[in-house]
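One chain comes next, on its own, written out as structure tokens in the form predicted on its own.
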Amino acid sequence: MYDVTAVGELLIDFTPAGLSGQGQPLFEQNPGGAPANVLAALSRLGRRTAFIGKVGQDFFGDYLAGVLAQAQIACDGLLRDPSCRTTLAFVHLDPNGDRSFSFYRNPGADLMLRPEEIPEATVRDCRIFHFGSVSMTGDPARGATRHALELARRAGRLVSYDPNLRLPLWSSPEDARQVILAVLDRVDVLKISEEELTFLTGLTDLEQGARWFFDRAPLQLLLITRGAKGAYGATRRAQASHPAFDVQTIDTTGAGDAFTGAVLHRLLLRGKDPGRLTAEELESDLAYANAAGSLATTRTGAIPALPTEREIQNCLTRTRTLT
């Protein structure tokens, strides 16, 4: 049995890599795609993972298939589309290392995954099923993602959801909001950023935001990442916060995925329903996940920057937190 199976996008992140001799920007090819990043984070922590998605029948698809294999992510569910190219995303960094994206996907191969192509056994044969909203920005991948979600729910699997909002990929902000919220009644663990909290609820207060979600969906655990301010977590009975760690940030790409992977790893270790976490357990898990997310910002790219267990433990014991 897999610890975590994920469905969604696998793509190329071109990340800034300095200037050429002529002073022109250079970009480094890196593997990306939030669901794949989460699986890579889990695999680096010793978990058995499986990916379901589609890439192009091209050079970039070959490269990404190799990355999954090297990361020891089961990729029987990775399909190749001869009619569409692998999706590309160019990453732009501001002076603080915060990133934005320019996507080349009209459409990309990841959007061509069809419901009938979902390997049902791979969805059923896992402890946690994870997905995001990028694969729901259009059909047929939207239908494929929803089909996989229904399979996971019927099999009684814990469902983890990170909307990972990328507005340029949606037809409109309202379409994004409606589609993202429409699946919450099937989700156990929801991870969002502080910006996504405001986008989805219109609220900025974390506790009010938590109540908004718990009033509208049968969530067990809500996680809100806050960048340099750390993270907040809540169940229906407990809540906790933990600051980020004081590291030298150069690229925030993949930090949220490192955080999510670390949280799912801890949930698997505990072997209990997320909704039964105590405030102390929740704070401990936030500290662990913040360490993973903070460390991921110290290197460029997403999958290449993911930390090991030893690195996370060193951060927890040797690195001070931001106040």
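When you see a residue number, it is the position in the sequence shown, counting from 1. The structure displayed is predicted, hence computed values, not measured ones.
The same protein also exists as the form predicted in complex with adenosine-5'-diphosphate (ADP); that form is not shown, yet it is the one meant from here on.
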| query | finding |
| --- | --- |
| Interface segment, criterion being heavy atoms within 4.5 Å of adenosine-5'-diphosphate (ADP) in the predicted complex, picked from 170-178, 70-78, 136-144, 219-227 | 219-227 |
| Interface residue in the predicted complex among Ala40, Val55, Leu264, Ala255, criterion: non-hydrogen atom within 4.5 angstroms of adenosine-5'-diphosphate (ADP) | Ala255 |
| Position in contact with adenosine-5'-diphosphate (ADP) when the complex is considered in the predicted complex, options Ala238, Val247, Val183, Leu203, heavy atoms within 4.5 Å | Val247 |
| Contact label in the predicted complex: Ser193 to adenosine-5'-diphosphate (ADP), heavy atom within 4.5 Å | yes |
| is_contact(Thr49, adenosine-5'-diphosphate (ADP)) in the predicted complex, heavy atom dist at most 4.5 Å | no |
| Contact test in the predicted complex: Ala231 vs adenosine-5'-diphosphate (ADP), heavy atoms, 4.5 Å | yes |
| Close approach of Thr297 to adenosine-5'-diphosphate (ADP) in the predicted complex, 4.5 Å, heavy atom | yes |
| Candidate spot Ile118, Phe129 and Ser160, all three touching adenosine-5'-diphosphate (ADP) in the predicted complex (heavy atom, 4.5 Å) | no |
